[in-house]
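First, one chain by itself in structure tokens, the form predicted on its own.
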């Protein structure tokens, strides 16, 4: 299997830049997720790997060799779509055999390939059934078996689980990951569902407006995001603008909301004194505590902020509390479902653990523009 590298790849359609100066590497045997909002360039990137479209400039390299003159059929790839690319009038056996026949295999070898890959996807007992009679998960298994029967060593997966309902999708994620790892394949999986990407990927490439914002493990993206957009798009975070007012060598003190102090570990590279910064905190890392009567009119210790509850309700499996801070700012806190309930108008204090804070340089454009997904 090849290592696939993008080197300053650009794809334009007239004046529209679909992919903008991509440079990153997909390692041999890796399961790479491509994640980002609609229109960010994920599918265009996948189609350039396949050879269905060609870059406007830059190079895509397979093990250091340019792919520019390599036709799609010569790239040992299998393309799996959201909408099941199978022949409904053929049986499962005939659908899988189609991929093997396309390789020019002898009839005996075709039979062996069908037997092998029908077992891999768990369809060996349904070979005589027609595809038109199958449910959605089995249809996608047929599609996978067919591309594997073609001899694909690299899987290009374009929203492959999008047509499955939630419970089936979660189970199919495990099957898909097992299959890729057991067969020692390389997979590039395009999705807009961050939970899916986090569950299945070795690394994830986060894209925005044609650019690759960050490539990293799920843990990197959650807890060590390099960009505000990554912190905003992966999981849920709130952001406060502030300024560095003190540095101890190990910790910085950041003034936020006009009068609240956050003490946070020194970041590397460390911001300069009095530099404007943006503080990102994941919503599950806030802690809400009742505000005592004697705390209402005095400043709170560092890492505590005054607030007033606007709503406190269940959303899915989490309790979500919407809080108005001083100076008109608001945040939302994700809490355990059995956490203490609050009611509208309750005065509270919010504790922010120092290690839960990620400090970013103030963006050149405003914070709202930095977080835009369109």
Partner chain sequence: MVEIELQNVVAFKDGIKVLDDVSLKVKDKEYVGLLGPTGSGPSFTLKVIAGILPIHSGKLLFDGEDVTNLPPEDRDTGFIFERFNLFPHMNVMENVMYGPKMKTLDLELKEKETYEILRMVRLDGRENAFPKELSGGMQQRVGIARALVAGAKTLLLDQPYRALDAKIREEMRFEISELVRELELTALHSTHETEEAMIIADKIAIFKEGQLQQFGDSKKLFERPSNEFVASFLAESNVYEGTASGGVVDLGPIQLNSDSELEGQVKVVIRQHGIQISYDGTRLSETNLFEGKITKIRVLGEFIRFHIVLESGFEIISRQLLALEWRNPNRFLGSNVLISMQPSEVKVFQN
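Every value quoted in this text rests on a predicted model; they were computed, and no experiment measured them. Only the largest set of C-alpha atoms that superpose within 1.5 Å between the two forms is called the rigid core. Residue numbers count along the first chain shown, from 1.
This protein has a second form, the form predicted in complex with the partner chain, left out of what is shown; the following refers to that one.
- Comparing 272-280, 248-256, 173-181, 116-124 against the partner chain in the predicted complex, the single stretch with non-hydrogen atoms within 4.5 angstroms of it is 173-181.
- Shown without its partner, this chain lists 194, 93, 260, 154 as candidates; in the predicted complex, only 194 has a non-hydrogen atom within 4.5 angstroms of the partner chain.
- Proximity to the partner chain in the predicted complex, taken as a non-hydrogen atom within 4.5 angstroms, holds for one residue of 101, 243, 222, 85, which is 222.
- The closest heavy atom approach of residue 313 to the partner chain in the predicted complex falls within 4.5 Å.
- Looking at residue 199, you'd find a heavy atom of it within 4.5 angstroms of the partner chain in the predicted complex.
- Within this chain, residue 10 is remote from the site of the partner chain in the predicted complex, having no heavy atom within 4.5 Å.
- Although the partner is absent here, residue 37 lies within 4.5 Å of the partner chain in the predicted complex, judged by heavy atoms.
- No member of the trio 324, 342 and 345 reaches the partner chain in the predicted complex with any non-hydrogen atom inside 4.5 Å.
- Taking the partner chain as it sits in the predicted complex, the stretch 101-137 never comes within 4.5 angstroms of it through any non-hydrogen atom.
- Superposition on the rigid core between the shown form and the other one places the CA atom of residue 317 2 Å or more away from its counterpart.
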